[in-house]
Ligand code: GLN
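Shown next as structure tokens: one chain only, the form predicted alone.
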Amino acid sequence: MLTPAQLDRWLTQARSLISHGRLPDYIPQLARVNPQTLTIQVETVDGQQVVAGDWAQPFTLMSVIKPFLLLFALEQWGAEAVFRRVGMRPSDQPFHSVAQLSLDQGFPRNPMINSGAIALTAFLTGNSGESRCEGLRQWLNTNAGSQLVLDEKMLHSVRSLTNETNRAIARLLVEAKHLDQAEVAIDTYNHICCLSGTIADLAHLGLLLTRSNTVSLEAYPPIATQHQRIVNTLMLTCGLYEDSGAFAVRIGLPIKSGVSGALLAIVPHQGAIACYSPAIDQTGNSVAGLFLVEAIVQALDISIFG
């Protein structure tokens, strides 16, 4: 296990990289956060934890919610139903590409991009985005021991945008019969992306994708191993958008990023690495977060490829 001193040393190095990134100015509330905020928590399946940085700072998950939307859909409906609505192929286009979806005749490439996640909102029950989000929030908090809440200010900020790109995606999904209600889907997607927590909450979520089901813990109901495997594989191949392949080679772990600067890496059968640093690169991945994960992987030699 890492020591706090090791993490503090890497955080110092990571802070020097923050200026290489930027805040996402297209979401007003995200553009107002402190770009110098930086925190990391490493947590193992046997309960060991080490944390450093601004650990008490809450942040929105944004696209880091996507693996858990997929996990929920798999657990509730099964893989056959899920993959009738969404594919498993990586995309070489940006995460909100309408052109990619149009080229694919309205069938989303994978669940880690906007089109895939918007399609998967159909697996959440409820008549509104609010009720559907609440069902997912409660399920995650119960299963992970997290304390996610809805960030109302961030939701208001997201809703202040015209969001024509996601609306165009939803219309294509409806035309292709992979989605029934475009407006409810968009509202649901906005809600779930605005779920918020601390770095500890993100680390706890990560354990849903790595915790062994051979140990029965009453507080943590078992997640199907095959569903963990599916989500982890798609995070590895698609979780960092068009940069996924390059980081699969460099880091060799399933990783999911969000434009808020949240980043989650899974070490199968061992634990999770959760990072938050809001300065992102051109693709939408946390600059400091990727540095920290890569430093840990190299120091501990924990790439899944050996």
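Nothing here was measured: the structure is a model prediction, and the numbers come from that model. Residues carry their position along the shown sequence, with the first being 1.
Beyond the structure shown, there is the form predicted together with glutamine (GLN), which is absent from this document and is the topic of what follows.
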Inset, instruction - Could you tell me which stretch in 270 to 278, 40 to 48, 257 to 265, 244 to 252 has residues with non-hydrogen atoms within 4.5 Å of glutamine (GLN) in the model of the complex? - result: 257 to 265
Inset, instruction - Answer with one of 52, 240, 69, 62: the residue that has a non-hydrogen atom within 4.5 Å of glutamine (GLN) in the model of the complex. - result: 62
Inset, instruction - Answer with one of 198, 143, 232, 114: the residue that has a non-hydrogen atom within 4.5 Å of glutamine (GLN) in the model of the complex. - result: 114
Inset, instruction - For the three residues 95, 166 and 193, verify that every one has a non-hydrogen atom within 4.5 Å of glutamine (GLN) in the model of the complex; reply yes or no. - result: yes
